[in-house]
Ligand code: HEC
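Below you'll find only one chain, the form predicted on its own, shown as structure tokens.
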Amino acid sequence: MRPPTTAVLFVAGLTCALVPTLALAQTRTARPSVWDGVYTSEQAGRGKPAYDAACSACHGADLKGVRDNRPLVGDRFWQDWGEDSLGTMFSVVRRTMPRNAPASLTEQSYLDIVAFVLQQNGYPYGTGELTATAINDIWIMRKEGPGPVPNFSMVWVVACLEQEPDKAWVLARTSEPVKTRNPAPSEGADLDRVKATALGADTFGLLDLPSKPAAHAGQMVEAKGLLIRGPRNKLNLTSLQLLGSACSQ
């Protein structure tokens, strides 16, 4: 029997704030980045007192974190937000922060705070302010340009589900990993983007595969999970769904 157009094989019991997948690897190079001067020094100046009042108790006056709250500068900032749209960061901050009063600030205040965080991470300012209209198209990347998604990021890939001679299940011909905030199977416009993604050349190992999906060998799938880079890249799965077609040779 042919598989349905979309079938969910596995969804792990993860809970996460759901944010639309705004980032596609194919479009990264066409977008402006945080290195293009996307905020003004005046905007960052407004963001500092707003940050001090709403954020510093948890993230520190120096943005390096307090107790178990994550830093907003340096390697931790890159791990959380690198190779993603600045709009993803803005959406998460606006909906969930401050922790004791989420979504309680004005949109402008959240934009100013993001501008301040960019300033503290050494990204240059420009002549125009950061706006809600433009923020989704701004990419957080290294100065030298787009690069691989950071290790231990939540990602999605398109691949062929295959079984190797030692009986291990793998994702063959895996596409370039793309960051996501949604561990569940893609739907709607996000699923359309996934289906339009070309296969790649890598092979990923699979962790936390609860069953042996022998009936689906050779099928194209969307896989989501925690990216673990190594001699062989792996995904610690949160979801796996069929995309409705067999992988061509």
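All values reported here derive from a predicted model rather than from experimental measurement. The first residue of the shown sequence is 1; numbering continues from there.
The form predicted in complex with this ligand is left out here; the points below concern that form.
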Among V34, A54, V194, V221, which has any heavy atom within 4.5 Å of this ligand in the predicted complex?
A54
Within 4.5 Å of this ligand in the predicted complex, heavy atoms considered, which of A134, V155, A172, M97?
M97
This ligand in the predicted complex: within 4.5 Å of a heavy atom of each of D75, L86 and Y125?
no
Among the candidate stretches 158-166, 105-113, 137-145, 172-180, which one is within 4.5 Å of this ligand in the predicted complex when only heavy atoms are counted?
105-113
Using 4.5 Å between non-hydrogen atoms, is R46 touching this ligand in the predicted complex?
no
I'd like to know if N69 sits close to this ligand in the predicted complex, meaning any non-hydrogen atom pair within 4.5 angstroms.
yes
Look up in the predicted complex whether A184 has a non-hydrogen atom within 4.5 angstroms of this ligand, and give yes or no.
no
Quick check on C58: any heavy atom within 4.5 Å of this ligand in the predicted complex?
yes
